[in-house]
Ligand code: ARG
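One chain is shown next in structure tokens, namely the form predicted alone.
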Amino acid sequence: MKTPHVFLMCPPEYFDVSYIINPWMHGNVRKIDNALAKQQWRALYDILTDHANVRLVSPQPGSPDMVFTANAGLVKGRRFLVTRFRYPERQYEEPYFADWFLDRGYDVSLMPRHVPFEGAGDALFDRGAQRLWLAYGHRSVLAAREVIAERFGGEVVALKLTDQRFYHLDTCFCPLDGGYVLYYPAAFDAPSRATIERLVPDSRRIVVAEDDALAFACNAVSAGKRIVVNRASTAFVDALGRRGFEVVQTPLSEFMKAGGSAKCLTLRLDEP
């Protein structure tokens, strides 16, 4: 049975590691197996279409990371706030994503040019409270909090990332249905860890071990009770199983070379 969720994906027609803007890209420039990448992307697409609805945005030459649609911007209802990428290498994507949402009748607004903000890579809605978690420290900046609060309203909780390997919030933190949160504590500074512990009850916090975090287990697509990840340990699968979730694993090794996994490859469109 399908959930009511809707995700945006972009086929990996032009996907490659063409530059280095995160630690995962080191040593992987021009080393993508394009056929395998397309096979892995299609497997994720097929899994999601079994459980949700998927829309597609057309890939564009010169934008090899456009496949990571999580970074397109922030969606809430029929409003879309376009990303302002920190690195010039990805700024070419911005107008294509803006046009996709404009063509479908969304109220589209722009982040100020001097305020880097990388969309749903760094901004994730809580699934148990009226709250948006916002990360800063590597790509997005703290000043984005005021802009987002003004455009969307509601509580915006800022978390500081400190480990370069976890350069976006969605690489180390994942809200799940029922108010649960998957996270890797070492990716955050001490005040941010304290904030998470204060706002999320212990019974709803699922701490992810380093090995799972480095396999991007937190970079998960939540489709109801199904959690789709690249790879996870038995301990991870069991921990979610005890809380009523089913973990679906699908290899995404080619996208890991660019620093992305399942969540990075999707943007949820049905945020209320």
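When you see a residue number, it is the position in the sequence shown, counting from 1. Bear in mind the structure is a predicted one, so any value in this text is a computation, not a measurement.
The form predicted in complex with the named molecule is left out here; the points below concern that form.
Whether residue 139 contacts the named molecule in the predicted bound form should be assessed with a 4.5 Å heavy atom distance threshold; does it? Residue 139 belongs to the contact set for the named molecule.
Considering only heavy atoms, tell me if residue 70 and the named molecule come within 4.5 Å of each other in the predicted bound form. Residue 70: yes, in contact with the named molecule in the predicted bound form.
Can you check whether residue 133 is within 4.5 Å of the named molecule in the predicted bound form, heavy atom basis? Residue 133 lies outside the contact set for the named molecule.
Check whether residue 248 has any heavy atom within 4.5 Å of a heavy atom of the named molecule in the predicted bound form, and answer yes or no. The answer is no: residue 248 has no heavy atom within 4.5 Å of the named molecule.
Stretch from 193-201, 143-151, 98-106, 168-176 whose residues place a heavy atom within 4.5 Å of the named molecule in the predicted bound form: Looking at the other structure, the answer is 168-176.
Only counting heavy atoms and a 4.5 Å limit, does any residue of 231-263 reach the named molecule in the predicted bound form, and if so which ones? Sequence-ordered list: 258, 259, 260.
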